[in-house]
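Take a look at this one chain, the form predicted on its own, written out in structure tokens.
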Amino acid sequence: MAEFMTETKQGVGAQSTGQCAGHPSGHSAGAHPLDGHEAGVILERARTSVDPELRSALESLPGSMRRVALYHFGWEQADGSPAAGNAGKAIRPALVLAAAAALGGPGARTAAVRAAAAVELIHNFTLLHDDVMDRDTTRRHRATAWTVFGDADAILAGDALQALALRLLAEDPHPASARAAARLADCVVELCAGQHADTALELCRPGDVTLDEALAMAEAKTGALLGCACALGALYAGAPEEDVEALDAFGREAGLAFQLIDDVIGIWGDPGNTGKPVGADLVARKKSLPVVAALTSGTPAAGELAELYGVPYEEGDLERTVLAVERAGGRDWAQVQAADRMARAMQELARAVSDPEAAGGLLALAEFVTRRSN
């Protein structure tokens, strides 16, 4: 694992707490370098292990919801004909399986496949709902489900995926399944709270959102599920509670790093790689982490950005907005903060898994999520 910086850049913006008007209340010792190819192998192996469980679960849905779900996963076209589409990178199920293997070996990994599928179902439940709420029209290089089938069908299909996830765990005879189901249910509540905070922050004036608020929202929306994925793997390995909590913390910190990089890619990435239009969050005036860092930087560019964000997007404003975020330090802050979060993640991982060989899969995945470009 490459060494990460452990201090955030100073002067980007005050990180004071507070709420806007109307808003409701270095790598571990002994770690060895891992390349992206190893992460790719881990992700592909996870996808191969989990896809049969996912397909079986989706096939159990009533016809109308099954069609929407299979389309969303990329396995069917809108007309119901087969498709060899992209069901996503499988990062979250890969974390479940890697955590189980790190603490319990290959047998624990095999036993955790159903839990890994449950986590992936929850992730896709959130994607279906987020796309409706954010009015995103593209995901994984194709039209989002709500644009094809309508809001109601997309929302109901997402609800069904959540139910399928909990049913998978309820029917799993593994001794850890009940604890895993309870933990996953708690995670869903946290995800919903994070999404609620996100929508509430969007109603705030540009200058009224603090970095602490934005980071807390991102931890709930993104970090919580990655932490839960790692914790479920630890549960299926029979790990003691302190190791379960350490892996949850590892996943949360890695999740924040993931969100920071995702936000950077959303502004400066290549849409040919991401499958989503570049700058979509800026056009929608979303208060992503680089944007909030830029808005709170106290720089002249922050004022320009606040002025742009204070009015609806107009054609031709995108380039000015991107430059304002960058000049105000939003991009630099996000990249340094991502490195800092990964350093914290490595410290948490070392608490639970002291053997670098056993931690290899989790290290490779952590490297992948912070060095990806799409």
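Start at 1 with the first residue shown and count on from there. A quick note: this is a predicted structure, and the numbers were derived from the prediction, not measured.
Not on display, but discussed next: the form predicted together with another copy of the chain.
- The partner is absent here, but in the predicted complex a heavy atom of Ile155, alone among Val148, Ile155, Ala83, Ala301, sits within 4.5 Å of another copy of the chain.
- Residue in contact with another copy of the chain in the predicted complex (any heavy atom within 4.5 Å), chosen from Arg252, Arg109, Arg139, His129: His129.
- Judged by heavy atoms within 4.5 Å of another copy of the chain in the predicted complex, the contact stretch among the candidates 93-101, 228-236, 169-177, 287-295 is 169-177.
- Remark: Leu61 counts among the residues lining another copy of the chain in the predicted complex, judged by a heavy atom distance of 4.5 Å or less.
- At the 4.5 Å threshold, heavy atoms of Asp186 reach another copy of the chain in the predicted complex.
- Among residues of the shown chain, Thr222 is not one whose heavy atoms approach another copy of the chain to within 4.5 Å in the predicted complex.
- Interface membership of Tyr71, defined by any non-hydrogen atom within 4.5 Å of another copy of the chain in the predicted complex, is ruled out.
- Looking at another copy of the chain in the predicted complex, residues Ala143, Leu282 and Val322 place no heavy atom within 4.5 Å of it.
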